[in-house]
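This document opens with one chain alone, in structure tokens, the form predicted alone.
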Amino acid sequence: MEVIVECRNLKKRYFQGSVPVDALRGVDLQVEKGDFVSLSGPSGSGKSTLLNVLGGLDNPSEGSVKIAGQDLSQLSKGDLADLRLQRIGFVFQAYNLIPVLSAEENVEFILQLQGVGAAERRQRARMLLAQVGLTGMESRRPAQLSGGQQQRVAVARALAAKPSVVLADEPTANLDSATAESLLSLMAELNQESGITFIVATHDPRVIAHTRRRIVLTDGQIDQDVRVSEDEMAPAV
């Protein structure tokens, strides 16, 4: 199988004032194309830090990260931005939607940067918004949406460009049970049918139940790495 994400001896040190904090302590990880991976563990275990470093949003203190065979440390800022645009979808816990754009325009924005034509952008955005349960809300701006609705827009935006890998930080944190299950089933369907790789940082057992590979982080290190059979995964409905 093709390895889509790889990191070696990944370390990340922050400073709180003059006090060093080792958020990642030598993480080695390979994720194959088409996998569905959860990163779980207690708060402060390094889940979000690992996602940010894998996505090129933060630089490691030591070690290397490769996405689709490209070493992020060897890329210029422009090439790194292009790699994120073409290959990586992000779902942030804080949504990161553009407040002056409608839900539909937020989803279209990445496609516009990719040079996709207006008609195709609109069609793809509306289809994804319908899939995440937002039909009829296409023209609403983020301030007119609930937190859960904004998260669904963020997920639709991440999926719109058909990325190789989606990095998601607590994607169900603001969703009720029914919406969360619908979203997880959509992600599982896209994973199975389109081969999109998902790496999801989460505390939510519902998310973990949908993933094929379950990694637990403790104190910035991989504590457990378990792969389950299809029969052990929650079914897509």
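All residue numbers are counted from 1 along the displayed sequence. Worth saying up front: this structure is predicted, and the values here are computed from it rather than measured.
What comes next is about the form predicted in complex with a small molecule, which is not displayed.
The three residues Leu101, Ser139 and Gln144 each lack any heavy atom within 4.5 Å of the small molecule in the predicted complex.
With the partner removed from view, the residue among Thr49, Thr197, Ser38, Thr172 that has a non-hydrogen atom within 4.5 Å of the small molecule in the predicted complex turns out to be Thr49. With the partner left out here, the small molecule still marks one of 175 to 183, 64 to 72, 206 to 214, 39 to 47 in the predicted complex; by a 4.5 Å heavy atom cut-off that stretch is 39 to 47. Within this chain, Leu10 is remote from the site of the small molecule in the predicted complex, having no heavy atom within 4.5 Å. Although the partner is absent here, Val21 is a contact residue: one of its heavy atoms lies within 4.5 angstroms of the small molecule in the predicted complex. Remark: Gln16 counts among the residues lining the small molecule in the predicted complex, judged by a heavy atom distance of 4.5 Å or less.
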